[in-house]
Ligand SMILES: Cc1cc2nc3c(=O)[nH]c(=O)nc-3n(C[C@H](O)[C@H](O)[C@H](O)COP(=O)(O)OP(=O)(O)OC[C@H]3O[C@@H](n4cnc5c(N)ncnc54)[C@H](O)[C@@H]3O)c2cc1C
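Before any questions on binding or motion, here is one chain by itself as structure tokens, the form predicted alone.
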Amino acid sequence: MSGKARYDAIVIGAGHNGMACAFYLARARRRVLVIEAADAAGGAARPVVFGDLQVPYAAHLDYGFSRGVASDMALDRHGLAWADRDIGASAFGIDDQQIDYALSSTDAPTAIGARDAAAWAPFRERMTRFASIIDDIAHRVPPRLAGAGADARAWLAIAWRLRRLGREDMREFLRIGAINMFDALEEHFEDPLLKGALAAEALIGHGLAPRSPNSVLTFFSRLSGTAAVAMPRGGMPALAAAMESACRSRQVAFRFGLGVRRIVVADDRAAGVELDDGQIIEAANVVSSADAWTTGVELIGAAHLDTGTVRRLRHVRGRGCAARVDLLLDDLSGLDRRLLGRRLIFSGDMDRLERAFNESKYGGVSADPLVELVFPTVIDPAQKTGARHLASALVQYVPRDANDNDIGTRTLDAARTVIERHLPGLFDRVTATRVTTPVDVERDTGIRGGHWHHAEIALDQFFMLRPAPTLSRYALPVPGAWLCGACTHPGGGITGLPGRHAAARIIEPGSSS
């Protein structure tokens, strides 16, 4: 390798975390190149063509993009605007019972009993307080357990946040975090549909059921920040476009359409990348937004890692469980437009969710899945072209099974069964369909297991344990090689925080950059 690297950092992957990392590095006067195998930025939010519309590859809503990252990147000045900052939800039961609610609101859900209505505000207030602890942790680089100075101060700050809950709430926080959503909701509410809807909020995107351990942790993650669900004007690809524009304003360079074959290691440190066409680009640091296994074992190579690291990477749990179904519709006449402007959650009660999960647990596609359905062209008419409309559904539970050639068809059939139960005749208006299963995610993005969060959110894969012990501070054992993707703290979802934290570690004095 030459004595002078062309870039201070190469970022692999132009997803939201890769671009956040690139922006912060460039703001610190680093020369940065982002390399993306796809032909557009955005990762799960990148635009793909579907009929005569552009739709995001997978992510259809914003569940909590970091406001701090948005402010630092000045995304509003780069074209980001919002069609709806707080999309309400309507949950449906098997018997056509419907309740309307918003996790961001203290207003009690509609069509529930007086006891549950009275319990709503105290439940939400306490859970939001607990979630604020998770949110505080999410905004911190994991400190070293035995560290002094800044590390010790970080642990003291976290301990103080817990102490400020008060003795009773602190005890309750520690208790409830160790149980599951089924038991937690049984303690507060009576209405089966309300409990099913709240459980669904914790489960969407995760390989969990209401009785699963860690489901309270994912509920806290869902509530952290504002708890609101938003739609950018122009859809999620508009968020990606604004982030790319912000990066370019800091002179970040982009290369699209070429993947990275390997991370070049010279003199026992990362020294650049080799592209699929054989070209080698040198850099002082290589930052990967791919999952930990792909980065460590496939791009760096097991020969450069100790056996303990390889074993830990192998056992990171990240089995995909969610699919996306897109429907192109030629007409929405006769349907309730107010209803179509909300998130429609077809959850039923918690026992139904348990049964749906059981099928996927043993490798099958749930025949009666949990479905969250939205109509992006109703929420944001700017996404509409001509008379056509788009409906987008997240379908839970669809396991990754590369040997199942019919998984897309069976996912579509299962989604249709659930949706038609509550919106009869909708599929008569469908002119085209698109199904993205975990198998597709793994093939198209390289994410091992096809899990949207790269690794399951769980207590043993959280904070200073994510993605694994000794790998929680974004640096890989090879100096100059870093992780910045959803496999790192604070995890999945489109937040930009893993990218921001990784950049902070690279910039940090005394780092291996």
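All residue numbers refer to positions in the sequence shown, first residue = 1. What you see is a predicted model, and the numbers here were worked out from it, not measured in a lab.
Below: the form predicted together with this ligand, not depicted.
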Taking this ligand as it sits in the model of the complex, is L483 in contact with it (heavy atom to heavy atom, 4.5 Å or less)?
no
So in the model of the complex, is this ligand close enough to R324 to count as touching (4.5 Å, heavy atoms)?
yes
V260 within 4.5 Å of this ligand in the model of the complex, heavy atoms:
yes
Is L33 close to this ligand in the model of the complex, meaning a heavy atom pair under 4.5 Å apart or at it?
no
Mind checking whether each of A58, G450 and G493 has a heavy atom within 4.5 Å of this ligand in the model of the complex?
yes
Tell me, please, which stretch of 285-293, 411-419, 76-84, 169-177 lies within 4.5 angstroms of this ligand in the model of the complex when heavy atoms are compared?
285-293
Scan 365-395 and write down, in order along the chain, each residue with a heavy atom lying within 4.5 Å of this ligand in the model of the complex.
L394
